[in-house]
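Below you will find one chain, with nothing else, as C-alpha cells; this is the form predicted alone, and questions on how it binds or moves follow later.
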Amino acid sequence: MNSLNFDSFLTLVANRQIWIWGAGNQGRGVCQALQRKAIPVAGFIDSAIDLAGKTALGLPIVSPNLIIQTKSASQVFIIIASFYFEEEIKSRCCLSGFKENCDFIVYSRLKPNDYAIDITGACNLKCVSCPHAYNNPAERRSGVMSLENFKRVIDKIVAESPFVGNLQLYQWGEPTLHKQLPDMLRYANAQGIKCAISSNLNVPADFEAIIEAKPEWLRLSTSGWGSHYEITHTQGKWPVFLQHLYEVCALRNRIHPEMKVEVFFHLYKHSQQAELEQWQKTCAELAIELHPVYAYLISLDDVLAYQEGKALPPIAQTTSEMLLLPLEHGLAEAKMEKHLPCDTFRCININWDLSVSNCMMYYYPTDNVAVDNYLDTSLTEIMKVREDCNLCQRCMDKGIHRYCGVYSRKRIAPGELVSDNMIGESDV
C-alpha cells in the first residue's frame, strides 16, 4: 500500500473530524505529527475501560461505540494506530460501514516506519525471559550511543520520515543507565519528536532530571509482588523497585503530569491473582495504567533455534516451564497466522553503535545486522536490505514473525485473572 503525503491526506480527510483509534504510543505519535503540521485531531478511540473519560495529549479518549455506532463516515475519519490490534480494529470499522482507504486508514500509510533507538546495549538485570540472563554483554558489543550521534540520528529520522511524532529509546538496554538521557530527551523534544523510555527502576538514576526533560511516557515492567518480583526479574531488588516507583510518580505529578506511566505486569505461574490485585490497587492509588500481559520468551533467536530443532538454553527452558501460556501453545497459534505479515518489519531498530538490526526482536548480531551505520545509509537502502534478509525468511517460514503478537493480543479470560476490559488498543 502506497504511503500518503500531507496533501493527499488532507484531500482524503476533507472536512471530517479526525479520530485516532489507539491511545498508546503509536496513536500519540501520529497525533503529534499531525499537530506539528497544524492538522487538528478530535480525540482518541480506545476500548480499554480504564482509559474511558481520560485524556491523552489534552484530547478526549472515548469508547469505539461512541464513534462507529453514533457517527457516520461523512462526519469522521479514523486513523488506526494500534500495533498488534490493527486487523481486529479494521474488521470493526468495516462492519460499521466504514471503508478502508476512504473512511479510515492504518497509520502505516502515514508513517510506514516506526523507530527504536537503543541508546545503550547494557542492562543491570538478568531477567529470565530475556537473553541478558545468559549471554555475555560482550557478545552484543555492549556500549552507549554518544549524544552527538544521537542528535544526528534524530535529524535523519525527521528528514526521512516527516510523520514520525515519537519513538522509543530502548530495546535490549536499560536507558536510565545512560548519563546523558536527559540531554537526549531535550534534543528530541526540540525537533518535535517525543520519546518513550522503559525502565526496571533498579538503577540509582537521577529520575528528577529525567522527568524534567519530559519523556512522553515511561513503561515499567514487573512480574510479581514482593519476593515474587525477584524470581523472574533476576538481580532486581523489590524494595528498590517499589521505592523508585513511588518516587517517579511523585516527580511526575510535580514536574510533568502529562507523562504517561504504565506498568506491564508479566503473568507467570507464580504471579497471578493475588499479585495482580495488589498491582490494581497500587496503580489506582498512583493514577497510572496497568497492563497485565502473558509472559513469553523474548529473544526470537532461541525460539527460532528451538523450532529448527535445537534445545533451548537451560535458563530459557526453566523459564518456559514457568509460563502461563506455554511456548508450544504460542508457537502453534503463531503458525496458524503464518500467512499474515510481520508486525515488526516496519520497525527500524538503531543500535547504540549506529548499526541497524534486520529485526528488533532478535538479540544476537549474527545474521541480524542490516547496515553498519544508519547515518551513512538511506532509509530506502535499509529497507531493501531487510527485504532480502535470510533471517527474515527463516523466521517467516516457521511463522515466528507472529509469535510475539500471539502473546500481546491474548485476552485474559474474564474471571481467570482480571477482566479483559483492561486490555485495549493502547499497546506499544
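Small disclaimer: the values here were computed from a predicted structure and weren't measured. One-based numbering along the sequence shown.
Omitted from view is the form predicted together with a small molecule, to which the following refers.
*Asks:* With the partner absent here, would Ser199, Phe264 and Ile298 each sit within 4.5 Å of the small molecule in the predicted complex, counting heavy atoms only?
*Replies:* Checked in the predicted complex: all three residues contact the small molecule.
*Asks:* Answer yes if any heavy atom of His228 is within 4.5 Å of a heavy atom of the small molecule in the predicted complex; otherwise answer no.
*Replies:* Result no; His228 lies far from the small molecule in the predicted complex.
*Asks:* Quick one: does Tyr107 come within 4.5 Å of the small molecule in the predicted complex, counting heavy atoms only?
*Replies:* Looking in the predicted complex, residue contacts with the small molecule do not include Tyr107, since no heavy atom lies within 4.5 Å.
*Asks:* Find out whether any non-hydrogen atom of Pro215 is located within 4.5 angstroms of the small molecule in the predicted complex, and reply yes or no.
*Replies:* Heavy-atom contact with the small molecule at 4.5 Å: absent for Pro215.
*Asks:* Heavy atoms within 4.5 Å of the small molecule in the predicted complex: does Phe83 have any?
*Replies:* Contact with the small molecule, no.
*Asks:* Under a 4.5 angstroms heavy atom criterion, identify the one residue in Ser355, Thr344, Ser129, Asn149 near the small molecule in the predicted complex.
*Replies:* When the small molecule is considered in the predicted complex, the option within 4.5 Å is Ser129.
*Asks:* So which of Gln171, Ser161, Ser320, Ser96 reaches within 4.5 angstroms of the small molecule in the predicted complex, heavy atom to heavy atom?
*Replies:* By the 4.5 Å criterion, the partner-contacting residue is Gln171.
*Asks:* Tell me, please, which stretch of 303 to 311, 84 to 92, 279 to 287, 199 to 207 lies within 4.5 angstroms of the small molecule in the predicted complex when heavy atoms are compared?
*Replies:* That would be 199 to 207.
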